[in-house]
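As structure tokens, one chain now follows by itself in the form predicted alone.
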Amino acid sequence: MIDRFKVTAHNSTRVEETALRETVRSIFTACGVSPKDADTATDVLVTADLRGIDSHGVSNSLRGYVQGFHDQELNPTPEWRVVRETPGTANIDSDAGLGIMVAPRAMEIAIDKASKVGVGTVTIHNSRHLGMISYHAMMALPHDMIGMTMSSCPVNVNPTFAAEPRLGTNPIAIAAPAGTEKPFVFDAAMSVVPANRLIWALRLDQDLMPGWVADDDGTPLMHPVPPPELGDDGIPQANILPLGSTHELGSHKGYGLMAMVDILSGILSGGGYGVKPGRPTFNHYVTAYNIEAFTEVTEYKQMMDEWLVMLKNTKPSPGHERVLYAGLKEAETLADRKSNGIPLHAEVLSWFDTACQKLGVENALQNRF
């Protein structure tokens, strides 16, 4: 995340991980979620905060989920089921359940299939928001597998040359284990910026970066602009641009990747795509690749370590201290926040106070770090 869109010591308070988990879990159960699913959902959100992916942690996502349960757009007790299956694949009807609760079960199925036939792929339709999608991909790491996750999202992104949204931000994540090095964990929207980042910009009173959004006629705005207001549904009222921003800078590549996610996560699952059925429906895709089915695990890990060290030791360009690879900064942030607490913006802490009071649950965050 760009530094000026991060919470800082000046606008946040650190809270203990245990207290945050306790409070978030209580909020989920007060909304009718089962204890098992509440534990899973809490772990997805808090893991995002621990890794520094604040845009997909408790600050933005949790309030949307609470509102979704209240509006009956989210099913707190989904009776998800496998509707089609082969030795290496499955398709799940999520029964309007949150992706953060159902997708981990889907990845468990994918991992089990990969252990038997080398690769396991599960598509999920009739679902809801997936949270930090790398969470589900990282589930494969302890099994000496590579995990991959995609999510076909409701629309808020303009295709290249378009004057209106037709695709979602459609993120892709891949998690690959290593030996002694931190795992490679890539997690990114295929739009130039995730929608939740616009919420952060509004909260922090920061202008949007050039090339993030288009004006009403679809022209990319290549200069800083104020953050958009949120609609009644809590969604930023903006036309986000594909990765690349303009055709000259490669937006057709981001557009193509978003289309690929719609195909594999949405159309292949039978659940539709961003425009149809539209919000609040999401469709997902998880895959586990069993390394042993392709190569010897020890040799793979040695080569991964060599490759990652090579990337880290690359000479940095002027003004930069070092070269990073995907997942390294997040692993470092996790170590810091495990020890020193998770920073939450003052507005977020205020929301917790109000939400806990309305739901009649104890707010363990009242005791700050």
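For clarity, every value in this text was computed on a predicted model and none was experimentally measured. When you see a residue number, it is the position in the sequence shown, counting from 1.
Separately, the form predicted in complex with a further copy of the same chain exists; it is not shown, and the next lines address it.
- Although the partner is absent here, Lys36 sits far enough away that none of its heavy atoms falls within 4.5 Å of a further copy of the same chain in the predicted complex.
- In the predicted complex, at least one heavy atom of Pro87 sits within 4.5 Å of a further copy of the same chain.
- Contact annotation for Gly272: at least one heavy atom lies within 4.5 Å of a further copy of the same chain in the predicted complex.
- Proximity of Gly32 to a further copy of the same chain in the predicted complex falls outside the 4.5 Å heavy atom cutoff.
- Contact with a further copy of the same chain in the predicted complex, judged as any non-hydrogen atom within 4.5 angstroms, is confined among 69 to 77, 110 to 118, 130 to 138, 229 to 237 to 110 to 118.
- The candidate spot formed by Thr42, Asp93 and Gly179 is out of contact with a further copy of the same chain in the predicted complex: none of the three has a heavy atom within 4.5 Å.
- For the partner-free chain shown, Phe184, Phe186, Ala188, Ala189, Met190, Ser191, Val192, Val193, Pro194 of 179 to 208 come within 4.5 angstroms of a further copy of the same chain in the predicted complex, judged by any non-hydrogen atom.
- In comparison with the shown form, the Cα-Cα distance of Pro277 and Thr40 increases by at least 3 angstroms in the predicted complex.
- Whereas the shown form places them at one spacing, the Cα atoms of Asn126 and Pro280 lie at least 3 Å closer in the predicted complex.
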